[in-house]
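Just one chain follows, in the form predicted on its own, and it is written as structure tokens.
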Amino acid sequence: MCGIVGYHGDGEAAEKIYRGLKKLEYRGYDSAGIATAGNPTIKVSKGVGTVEEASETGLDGSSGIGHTRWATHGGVTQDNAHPHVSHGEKVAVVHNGIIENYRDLKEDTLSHVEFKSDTDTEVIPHLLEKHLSEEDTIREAVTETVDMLEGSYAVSAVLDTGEMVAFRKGSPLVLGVGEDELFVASDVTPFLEHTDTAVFLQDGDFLVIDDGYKVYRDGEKVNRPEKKIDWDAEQASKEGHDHFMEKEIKEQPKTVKKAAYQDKTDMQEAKKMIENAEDVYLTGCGTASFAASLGAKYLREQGIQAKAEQSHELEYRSQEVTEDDLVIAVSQSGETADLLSMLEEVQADVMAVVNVVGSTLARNSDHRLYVNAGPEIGVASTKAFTAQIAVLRLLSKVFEKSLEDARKEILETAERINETIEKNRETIEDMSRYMEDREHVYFIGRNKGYEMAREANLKLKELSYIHAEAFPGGEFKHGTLALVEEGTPVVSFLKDRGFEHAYSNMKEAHSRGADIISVGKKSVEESRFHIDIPDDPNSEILEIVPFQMLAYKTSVRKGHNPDKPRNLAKSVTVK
């Protein structure tokens, strides 16, 4: 998730864009840059790090674009920072999203071009410049360019003649309409100090800005309503949500899809590394460790010798990991101290499943699969977790079917996330009221249900500060059952495999007076509450989302800040 700002008007574009980028740093902070259409050329300033690296000095011109980057393709370098400029220096582009077919475009349509970066973005300015030279109008050139792009994107471009274009598919883009000035941005925060009038572009729309603006779809002009915005800047950065965590939970239909769009070459290399390994160790800490444990179970279902252990414990067994093995390291930040410390002790190749491009883990790994969840502002991981599951599930599925078929399956799961939230909305509200006064909660599950119990438990206790524990269903009766009394909440994940045994464990708790919260495709008579999960081959992605929302709502009810739970940090950089 990157931040885009564009400006066209009577003012100094670079100054307006710079101030707008400062308001979008929450969307990305790997690198930043600004390009303006000066006289007579496009001028660019960009650098690695914060927005301060994108100096506005010397960038004259009254139209331009800016970008703050969260890397998805290509490392965090000066060359990979946006904006990217076409080889003839007639077009500069900033981009949020993923161009899936960029390799094909480089090899075929743009084989004559010398590329300066490793990014997927750089194909866009070259395509725009090519079509501008071939077509009679900017509208036709943009239409031809968009038709060649596959993926999810929001794009803004400035031409050396001063005109601007913008287009979107699957990533947000909004036009700000002021007096004698127009803005293009990822959200309304960059232009709220200048205007409260906005036009929200729809998927498939593209915009041409000259003296005014025109919106097109499929090459034909369309009308989009201008709307008044009554958000303040902080509300706008949260896109109308009360907290970043709520926003990030609701982003998951998009982020799971982005996670599924792994590059074919990257997946082939990952598959080869697993096939050549004697043993595969999956590891992580906290939420990432539960994703790693699920990943090991997914791979074992494909007949692969896969093991999982939390990094701080695997370090004490590092001598067991040989140079013929493979370590799959799972992390949101890529900076977790225990994980990095463990990796220093092993000689095996390392494959990273990581969110942050350019992180220590990404740099030090032999191969990497990025989960593409974008910046996660809330301390408690939500969208990064489901993105990790999606990547690991995709990786296991390519051992039995094509990448395209495996991806399609996960994309269908992503479409069911909102359905799952809506179907359980009232139940989640009732459960949060119920949980508000609880002192203890127990979560149980078998097989993959155990990982779901552990993650649901972690979310509740780190946000609500309610004491909660998770156990394998079979282990629950070996001691912990003694703590169950009248009214004790027990959450039971009832998955298809092992249903009867899990149900039996749940019934034992119920017979001791527990209030049962069941999770699965169908309710059981012992349930006080039931979370209904659609039938889906990747049900783990769907099972966790209601409990993210439950933890969030319970935290708010208890007067806590769910974005910043006490005593916790987003990235644990000490052992």
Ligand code: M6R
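Throughout, we count residues from 1 along the sequence that is shown. Just so we're on the same page, rigid core means the largest C-alpha set that superposes within 1.5 Å between forms. Just so it is clear, the structure is predicted and the values come from calculations on it, not from any experiment.
In what follows, reference is made to the form predicted in complex with the named molecule, a form of this protein that is not presented.
No residue of the trio Pro83, Thr121 and Ser156 has any heavy atom within 4.5 Å of the named molecule in the predicted complex. This chain is drawn without the named molecule; in the predicted complex, the residue among Ser492, Thr336, Thr255, Gln262 with a heavy atom within 4.5 Å of it is Thr336. Distance criterion of 4.5 Å from any heavy atom to the named molecule in the predicted complex singles out Lys459 from the list Lys459, His126, His95, Arg393. Residues within 4.5 angstroms of the named molecule in the predicted complex, judged by any non-hydrogen atom, belong to 372-380 and to none of the other stretches in 198-206, 175-183, 141-149, 372-380. Contact annotation: Ala288 falls within 4.5 Å of the named molecule in the predicted complex, judged by heavy atom distances. When contacts are judged by a 4.5 Å heavy atom cut-off, Ser293 does not count as touching the named molecule in the predicted complex. In the predicted complex, Thr386 stays away from the named molecule, with no heavy atom inside 4.5 Å. Taking non-hydrogen atoms only, Gln332 approaches the named molecule to within 4.5 angstroms in the predicted complex. Remark: with the core as the superposition reference, the CA shift of Phe529 between this form and the one not shown stays below 2 Å. One change in the predicted complex concerns Trp70 and Tyr261, whose Cα atoms lie at least 3 Å farther apart than in this form. The distance between the CA atoms of Trp70 and Glu404 is at least 3 Å longer in the predicted complex than in the form shown here.
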